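Given as structure tokens, the chain that follows is alone and in the form predicted alone.
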């Protein structure tokens, strides 16, 4: 079977970086057509640089494109207090050799979807500004989207930036509203799943034992990344959010999902960014999202460790 064509839209971010590594290690299943970046965890100038750094570390030839520097309608929000001032604290920052492409990320998404690939899967692991902007700019791309696998939202876990909202959805709720109602197949990896994949010391040690540059970078980033969440959640490790999207495409059997209606609050001062998941179908609203609600965490880390071990020493 030919590999699935994908675009990863991200805001690296340590966990975005690990998601990129997981995809880059899986060329038999995933053809990474490009990496598009958006403002989110840190400003756009850092997210595009960080994505290019990951390409250098992994020796990937995937092209990198910079996208939207702010949300569609709201002021920008970032998360340096979690990810550090670089977005990828835990490793040394360097000027990457991987070039930044001249084309805007939104135009790359549109041109790729209207190009010679029959369909393309989009994997957004940051705010959904680039994806929503592409849909609004040229709706003709919609039939060419095979699936959108998103990291974002929360139901039983509540929010991680406000009591109601997960960060990616909160940053640009209007973009999330556009994407979740675009009519294409959507799978949503929210905090209900990602909070189950904790990067415990034992799991990180197994990655470190691989002793290759990608594994070393992963361990460095996770060692910094876990300091905030372990205190916040009184847990044994930080949730590894974004790689769940790629893992779902590689081994969907690791996840439990349910087709639900998911709506995004865009107006309330109190609950903006809240994802209202109609898990028990108590309304007649259209079931627009394949909502992930459970995961085999040990299986996830077995997959991640095996794939990171594929990179050369």
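Numbering follows the first chain given and starts at 1. Model, not experiment: these values are computed from the prediction.
Note that the form predicted in complex with a small molecule isn't included here; everything after this is about it.
Engineer: Does every residue of 129, 177 and 265 put a non-hydrogen atom within 4.5 angstroms of the small molecule in the model of the complex?
Structural biologist: Not one of the three qualifies.
Engineer: For the chain seen here without its partner, which of 164-172, 111-119, 201-209, 178-186 has a heavy atom within 4.5 Å of the small molecule in the model of the complex?
Structural biologist: Single hit among the candidates: 164-172.
Engineer: Would you please decide whether residue 218 lies within 4.5 angstroms of the small molecule in the model of the complex, comparing each non-hydrogen atom pair?
Structural biologist: Because no heavy atom of residue 218 falls inside 4.5 Å of the small molecule in the model of the complex, the answer is no.
Engineer: Considering non-hydrogen atoms and a 4.5 Å limit, does the small molecule approach residue 78 in the model of the complex?
Structural biologist: Judged by the heavy-atom cut-off of 4.5 Å, residue 78 is well away from the small molecule in the model of the complex.
Engineer: Hey, in the model of the complex, is residue 37 touching the small molecule, heavy atoms inside 4.5 Å?
Structural biologist: Residue 37: no contact with the small molecule in the model of the complex.
Engineer: Does any part of residue 141 reach within 4.5 Å of the small molecule in the model of the complex? Heavy atoms only, please.
Structural biologist: So residue 141 does not count as contacting the small molecule.
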